[in-house]
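One chain comes next, on its own, written as structure tokens: the form predicted alone.
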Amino acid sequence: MSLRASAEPAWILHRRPLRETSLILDVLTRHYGRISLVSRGGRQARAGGVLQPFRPLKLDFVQKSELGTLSRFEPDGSAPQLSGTRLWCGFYVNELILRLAAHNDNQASVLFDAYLEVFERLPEQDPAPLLRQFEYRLLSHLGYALQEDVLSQAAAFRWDPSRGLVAASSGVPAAALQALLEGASDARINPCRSLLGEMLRSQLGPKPLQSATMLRELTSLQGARAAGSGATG
């Protein structure tokens, strides 16, 4: 494998130190999917400030093995302003890709566009439906798209790992799943959370997502604070 890319649109998913001044970067690119790059001197002042998650970038790199070499980088627009729960939503999206996306996937432009859409909308919109739509688009990219013709066969469904969608009286409403397949990213698809969670767990295995655990804790804490405020108001 030999690849030379110039001004490639990219987002850093994760970074870790290498020796005293360098970094290993896990990166999502538009045309090559998830790749890993060495940034020599990447921990130094300017580079360290730019080579961060949640910043759109353009990268020049050479890849002759699984671990490539970053040769040049520059910002590609402004970074989304994320904090609190929204920041952890960003970590959740990154962790999903790190756990599930294949390296060097030249069919990943659809996934890149889904990722870009999340971070364009996340600072202002309700995070929950944005995450549900991203989860589904990632699963579809991995080959687990739901079949629309099945949705007319029942009013509600659950996910069975061996059979796929199966009718269930207390499952996810067919209307919510239809909205999900149509690309909705609003409250109509929030009921799909449990089904998408089952689909993801069948791919992730027993190891939990650290970011999902943190999101649950934050949500629980915010709920407790709201209840306390209401009790004293």
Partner chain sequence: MAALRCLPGVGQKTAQRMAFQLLQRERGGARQLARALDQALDELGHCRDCRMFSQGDLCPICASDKRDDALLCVVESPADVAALESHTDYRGRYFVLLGRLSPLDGIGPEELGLARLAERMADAAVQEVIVATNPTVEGEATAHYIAELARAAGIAVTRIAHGVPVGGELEYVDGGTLAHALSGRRQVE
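Positions refer to the first chain, counted from 1. Quick caveat, the model's predicted, so the values are computed rather than measured.
Note that the form predicted in complex with its partner chain isn't included here; everything after this is about it.
A.B. asks: Out of 144-152, 112-120, 125-133, 90-98, where are the residues with a heavy atom within 4.5 Å of its partner chain in the predicted complex?
C.D. replies: The contacting stretch here is 90-98.
A.B. asks: Is Leu13 one of the residues lying within 4.5 Å of its partner chain in the predicted complex, judged by heavy atom distances?
C.D. replies: Contact check for Leu13: yes, within 4.5 Å of its partner chain in the predicted complex.
A.B. asks: Find out whether any non-hydrogen atom of Thr69 is located within 4.5 angstroms of its partner chain in the predicted complex, and reply yes or no.
C.D. replies: Answer no; every heavy atom of Thr69 is more than 4.5 Å from its partner chain in the predicted complex.
A.B. asks: So in the predicted complex, does any heavy atom of Ile24 sit within 4.5 Å of its partner chain?
C.D. replies: Close contact is absent here: in the predicted complex, Ile24 is far from its partner chain, nothing within 4.5 Å, heavy atoms only.
A.B. asks: How about Arg30: is it within 4.5 Å of its partner chain in the predicted complex, going by heavy atoms?
C.D. replies: It does not: once its partner chain is placed as it appears in the predicted complex, Arg30 has no heavy atom within 4.5 Å of it.
A.B. asks: In the predicted complex, does every one of Arg158, Pro161 and Ser169 come within 4.5 Å of its partner chain, counting any heavy atom?
C.D. replies: Per the other structure, none of Arg158, Pro161 and Ser169 touch its partner chain.
A.B. asks: Just to make sure I understand: among 50-87, which residues lie within 4.5 Å of its partner chain in the predicted complex, judging by heavy atoms?
C.D. replies: Read in sequence order, the residues that approach its partner chain (within 4.5 Å, in the predicted complex) are Gln52, Pro53, Phe54, Arg55, Gln81, Gly84, Thr85, Leu87.
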